[in-house]
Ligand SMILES: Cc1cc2nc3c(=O)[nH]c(=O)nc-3n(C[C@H](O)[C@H](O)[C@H](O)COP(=O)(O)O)c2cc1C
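Next up is one chain by itself, shown in structure tokens, the form predicted on its own.
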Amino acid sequence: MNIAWGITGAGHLLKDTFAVMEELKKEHRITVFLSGGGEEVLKAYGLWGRLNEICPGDYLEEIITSLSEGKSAPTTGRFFLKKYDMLIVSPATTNTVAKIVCGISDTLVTNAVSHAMKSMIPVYIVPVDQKEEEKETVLPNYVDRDICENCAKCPPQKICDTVAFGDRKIDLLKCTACGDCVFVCEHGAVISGKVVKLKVRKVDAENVEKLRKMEFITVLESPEKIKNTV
């Protein structure tokens, strides 16, 4: 089976999504369509290497990025040619869900959803915010300035290979989440795996309910449920 997989800029459910992708990769070909935010978040959470193992670059096993596709996203034309048996979007940000509900297709992932629906190809979506509730999510690495001593010779900045660490902060657009800075900071100011509580907005929960009613779209509760669709 050939699976198209959209990933958007959400850190929540991202590692659970990868666990399912790696399992399905054993028997199916997966093409990943990355929104601009999705590409940035993958690198910030240190998942870029794992993605390259899932999609090594052969035909229908590629990583398609917003930068490589430009505004017209020509590769999404594969849906018209029935090259994919399904499209999975996991995780799907609240922004992505809202755009799909409103018929907006101005990102690589929402464009893929639009083309899949027009081609009557089933679309399975795992939104990160599904109902009004408090939930927990894990933040990428960051510098706690209340702890940071602003050392003249900062060990994390010195050992950072991607030059992501500087001026008492981490540039998440450059960070690969290697974790080296966490271990070399003498004051414990670099925080990894911080869990925070969030409140799902009413408007986002309402959009998910609208999404459930759309033709060719199935909303799934979690990445684990994806395995039941294949």
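Not measured: the values here are computed from a predicted model. The first residue of the shown sequence is 1; numbering continues from there.
Beyond what is shown, the protein has a form predicted in complex with this ligand; the following relates to that form.
- Contact with this ligand in the predicted bound form, judged by any heavy atom within 4.5 Å, is made by just one of Gln130, Thr76, Thr107, Ser114: Thr107.
- Lys25 falls outside the set of residues with a heavy atom inside 4.5 Å of this ligand in the predicted bound form.
- Not displayed here, this ligand is approached by Asn95 to within 4.5 Å at the level of heavy atoms in the predicted bound form.
- Although the partner is absent from this view, Ala10 contacts this ligand in the predicted bound form, with a non-hydrogen atom inside 4.5 angstroms.
- In the predicted bound form, at least one heavy atom of Val41 sits within 4.5 Å of a heavy atom of this ligand.
- With the partner omitted here, the stretch from 150-158, 95-103, 118-126, 79-87 that lies within 4.5 Å of this ligand by heavy atoms in the predicted bound form is 95-103.
- Taking a 4.5 Å heavy atom cutoff to this ligand in the predicted bound form, the contacting residues in 32-64 are Ser35, Gly37, Gly38, Val41, Tyr45.
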